[in-house]
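Form predicted on its own, single chain, as structure tokens, below.
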């Protein structure tokens, strides 16, 4: 492997890793307020991309208008999921809640197939400019820089919210002890609904960012959700910094492995990396908050 090929693969890995980080952020946002593992997170990403394409083609909206409208629609779907599905089941076991989100994942992907069709779809670049020269003949696409920048910016904003605002402290309180949080006046249901909406919005933003570089279709949310979950676990479950670290590491492992083994095995490589992390460092690289069966 030459140095130039290594740099190309590293850039591709950073881009892919930033995508995984965005999805992992969504998992983390919901978990930090409710201790829930939302297996439908990948479907928010898929919906963000497909809705943007739909609004652009059907209503001739601008890229910006279609993107904003898509985020609003997916955010509303997140609110509805929390109110209509998650809230009635909050007193049930963690397993019941996980199975409910798994059912939601299947329902959303099936509905998307009916509404948007089953053929892969894509978007033009968000910004039409020439790729940036890195070294020699190696260039980086502006879309890749946008994805990386959005990932870092979102994690920075969420970190500030989590550690320096009432909402962040309320999320921690609701996650730790729902009854105790209610007794001290924290609006438990409102905090959880906001978290689901925020998670859905983050997923939609991820979908809008990645659709110009990868095809999106009704069933693409499943594998993206798995990769995002893997990134969150590898970095440290329940931590925003872990979501970024795990996503970037997973993307680099996948991309660099292509230079050694056939590309068809890259998914196997990434999940092998997950198993190794779980075996040697179960709490992830930066440590994690354990998934709990407690439903206080």
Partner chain sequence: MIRRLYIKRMEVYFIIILGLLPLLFDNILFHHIMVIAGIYAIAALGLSLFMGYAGQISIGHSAFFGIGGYSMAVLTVKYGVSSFFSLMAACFITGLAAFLVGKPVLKLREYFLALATIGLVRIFQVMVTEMGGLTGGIAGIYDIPWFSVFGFRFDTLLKQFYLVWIILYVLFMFTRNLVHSKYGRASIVVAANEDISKTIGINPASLKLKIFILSAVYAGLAGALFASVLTSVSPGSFGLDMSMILVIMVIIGGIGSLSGSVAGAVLLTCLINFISESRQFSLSIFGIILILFLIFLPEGIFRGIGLRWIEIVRTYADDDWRKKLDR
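These numbers come from a predicted model, not from an experiment. Positions refer to the first chain, counted from 1.
Keep in mind that the form predicted together with its partner chain is missing from the display, and what follows is about it.
- Relative to its partner chain in the model of the complex, residues 109, 237 and 267 are all within 4.5 Å by at least one heavy atom.
- Residue 229 belongs to the set of residues with a heavy atom inside 4.5 Å of its partner chain in the model of the complex.
- In the model of the complex, its partner chain lies farther than 4.5 Å from every heavy atom of residue 176.
- Using a 4.5 angstroms limit between non-hydrogen atoms, residue 35 touches its partner chain in the model of the complex.
- Shown alone here, residue 10 lies farther than 4.5 Å from its partner chain in the model of the complex, counting heavy atoms only.
- Stretch 94-102 is the contacting one of 94-102, 207-215, 176-184, 154-162, since its residues have non-hydrogen atoms within 4.5 Å of its partner chain in the model of the complex.
- The contact residue chosen from 72, 89, 190, 138 relative to its partner chain in the model of the complex is 89, the criterion being a non-hydrogen atom within 4.5 angstroms.
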